[in-house]
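Here we start with a single chain on its own, the form predicted on its own, put down as structure tokens.
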């Protein structure tokens, strides 16, 4: 038996193609999920070309669908449960998923919306937590119109922080004030007062500028590098009052954080913006739109 999947293929224009792969065999603590939706992240595009995901392997991390086989060890959701997961090899019709990597999707939340949460939502939640988010903090979020950025704006605002959203153009700032941003800036133009927290997904010169704006004791969380440009720090830029630049990656099971995020989304406390949605055989179109920064929020693939 086999299932269709999006696999890494360096010879393809996007380094990804649809192919048949073996039907997954779940381990004792895994459920089988029939995937209905997947979400494309900027990191997926880099994984397809960097070698991090081997040639022929299934790409992706965000999946949502319905459990068709419960875990053999008795843990996790029962057959028929709608779930969302952060798991490797997510871009397939059927995926074996660790029970700790998924959460049940509450009633009232569509799977197409839920699937936008795993990588972007968990990255926003955990990076803010790691940076020491609090109601008295000034929080700068770069790349605020993207998936991580829009969730970070909302979560920081819910925590009572003063939120500064940085975007690449005026049009990219649409909806960010309504999402909770106190200030919406193009780049870092006009920002002079120090900030306590930076959630940066742009990298390059903007990361250096954000570092220079960081108050003593503050933290920059580097969650992405969409600019593709080097960050060159001038001499002595890192000498002075203590502050930190931390690399970020999602480690460990995401199920508990996904449960928090899906509940917030179901309640309307966190809104999900889908800037592109279509069948997964239009992967190249979605990838081009994402690389060209023409997607506000998330890109969602409908799995055939």
Ligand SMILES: NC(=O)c1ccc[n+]([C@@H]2O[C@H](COP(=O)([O-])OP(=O)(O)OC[C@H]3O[C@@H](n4cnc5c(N)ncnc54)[C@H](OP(=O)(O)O)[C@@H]3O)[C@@H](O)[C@H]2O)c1
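Residue numbers count along the first chain shown, from 1. All values derive from a computational prediction rather than experimental measurement.
What follows is about the form predicted in complex with this ligand, which we do not show.
Partner proximity in the predicted bound form, defined as non-hydrogen atoms within 4.5 angstroms of this ligand, places exactly one of 35-43, 235-243, 264-272, 49-57 at the interface: 35-43.
For the three marked residues, 123, 143 and 202, a heavy atom of each sits within 4.5 Å of this ligand in the predicted bound form. This chain lacks the partner; the member of 97, 156, 148, 115 within 4.5 angstroms of this ligand in the predicted bound form by a non-hydrogen atom is 148. Of the residues 210, 163, 223, 103, just one reaches this ligand in the predicted bound form with a heavy atom at 4.5 Å or closer; this is 223. Using a 4.5 angstroms limit between non-hydrogen atoms, residue 276 is distant from this ligand in the predicted bound form. Under a 4.5 angstroms non-hydrogen atom cutoff, this ligand in the predicted bound form lacks residue 82 among its neighbouring residues. None of the heavy atoms of residue 138 is located within 4.5 Å of this ligand in the predicted bound form.
Residue 21 falls outside the set of residues with a heavy atom inside 4.5 Å of this ligand in the predicted bound form. Residues 290, 293, 297 are the ones in 270-304 with at least one heavy atom within 4.5 Å of this ligand in the predicted bound form, listed in sequence order.
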